[in-house]
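Next comes just one chain, in structure tokens: the form predicted on its own.
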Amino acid sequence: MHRSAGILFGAALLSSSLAACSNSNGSSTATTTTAATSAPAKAKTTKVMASSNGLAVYTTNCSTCHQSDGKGAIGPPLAGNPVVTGDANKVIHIVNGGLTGKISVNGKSFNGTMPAWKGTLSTSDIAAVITYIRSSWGNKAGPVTSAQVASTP
């Protein structure tokens, strides 16, 4: 029963993610998660909740461009990306403020627009999704906190 509900929830998130990428005229549509949260009793529970919230935020808002495996399609790859695993403030700045123009990731060029998520997603959702991408697909970087997101322009 729980597995079926999880699959249905994941399918719903995936179908709503199609609106997250910017189109050629620079406009974007964003979808946020609305999962209710409560104070967890144990630290282990907190880590699991943050991880699953990061996955939910990623699936809803990022996977259309960056793909579910982090290898990128329209957008650059996040898997094995030194910006993602490097200085946390740099990736926070990109997620908060968006990114437009030509960039190179691992020798491949990309030229597009990533929407700014600050003001659309909460600082806790941004922290969760950055923590998720910094620790997924073979990436091995530390977590990001809501306080770090709030203090980074």
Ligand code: HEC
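Treat the numbers as computed from the prediction; the structure is a model and nothing was measured. Just count from 1 along the sequence shown to find any residue number.
Not on display, but discussed next: the form predicted in complex with ligand HEC.
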**Asked** Closest heavy atom of residue 127 to ligand HEC in the predicted complex, within 4.5 Å or not?
**Response** no
**Item:** Distance check, residue 70 to ligand HEC in the predicted complex, heavy atom within 4.5 Å
**Value:** no
**Asked** Does residue 100 make contact with ligand HEC in the predicted complex, using a 4.5 Å heavy atom cut-off?
**Response** yes
**Message:** Is it the case that residue 133, even though its partner is missing from this view, gets within 4.5 Å of ligand HEC in the predicted complex, heavy atoms only?
**Reply:** yes
**Complete:** Restricting to 76-100, the residues within 4.5 Å of ligand HEC in the predicted complex through any heavy atom are 76, 78, 81, 83, 84, 91, 94, 95, 99, 100
